[in-house]
Ligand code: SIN
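There is one chain below, alone, in structure tokens, taken in the form predicted on its own.
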Amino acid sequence: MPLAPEQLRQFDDEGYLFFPNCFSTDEIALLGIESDAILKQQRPEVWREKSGAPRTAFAAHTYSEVFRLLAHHPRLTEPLQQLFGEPVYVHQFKINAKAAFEGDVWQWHQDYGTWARDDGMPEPRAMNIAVFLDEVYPFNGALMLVPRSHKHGTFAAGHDLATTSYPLWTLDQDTVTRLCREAEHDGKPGIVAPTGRSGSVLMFHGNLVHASAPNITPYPRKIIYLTLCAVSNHITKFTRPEFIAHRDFTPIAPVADDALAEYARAHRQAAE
């Protein structure tokens, strides 16, 4: 899935790209079944909200063939190889679940701020690609982005160990307010919240400021985040568990574009 010149310009200007309906219904159904099974498991990689609801499942691509195929999928890996001009590896893989009524907040932050402070990543030459497993509405915890905030570099941040079950390097309200004011245009607020059907994909710069509100609706919101990093930019500190910040810097060898669809078809036939 190579990016067109206009898409490259938009990414440089705004810091994100959105691709509706990037994965088919069959592919997403397969990913959804697998994610539901993993989020029910009691294992160190599955973190939970303070309520006990699932929050994040890390490193599923290391023990699930379905997610291994996704982590090596050309629709996700090729755009980043194009942007970085070199092979990429999986720095992090997580399934983020905003359970109905119980999904908690993700505070305002920059991903690269965490990767730099906790993992010793030299430069912001890594980013998240988000795959929507459920339909994302404006009201069920959609990811909120501050356009163009990636152009300001990496901000000072505080290490929030109390708000949620997951520690995060977060930005203060004054910084977020200033960035939102700067991003306003044509009478519109300086925040965007890409929404869409399951199978949509969002990719955004490692320094783009973002957050998401709690989900207090009956509509769950699961998103897979695949963090890909340029191989030459691999991490240099190993303070976090390996299932959170991977230490295998092997370049990704993409699978066939129809790998997930073929897997779903084969397993459907086997069940019949």
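Numbers for residues come from their place in the sequence shown, where the first is 1. Quick caveat, the model's predicted, so the values are computed rather than measured.
The form predicted in complex with the ligand exists for this protein as well; it is not shown, and the discussion that follows is about that form.
Chemist: Can any non-hydrogen atom of Y225 be found within 4.5 angstroms of the ligand in the predicted complex?
Modeler: Heavy-atom contact with the ligand at 4.5 Å: present for Y225.
Chemist: Is there a non-hydrogen atom of S35 within 4.5 angstroms of a non-hydrogen atom of the ligand in the predicted complex?
Modeler: Judged by the heavy-atom cut-off of 4.5 Å, S35 is well away from the ligand in the predicted complex.
Chemist: Taking 4.5 angstroms as the cut-off for heavy atoms, does R221 touch the ligand in the predicted complex?
Modeler: The answer is yes: R221 has a heavy atom within 4.5 Å of the ligand.
Chemist: I'd like to know whether N215 contacts the ligand in the predicted complex, with contact meaning heavy atoms within 4.5 angstroms.
Modeler: Outside the cut-off, so no.
Chemist: Counting non-hydrogen atoms within 4.5 angstroms of the ligand in the predicted complex, say which of F132, W106, Y112, F93 makes the cut.
Modeler: So the residue touching the ligand in the predicted complex, by this definition, is W106.
Chemist: Looking at 22 to 30, 204 to 212, 229 to 237, 41 to 49, which lies within 4.5 angstroms of the ligand in the predicted complex, counting heavy atoms?
Modeler: Comparing against the ligand in the predicted complex, the contact stretch is 204 to 212.
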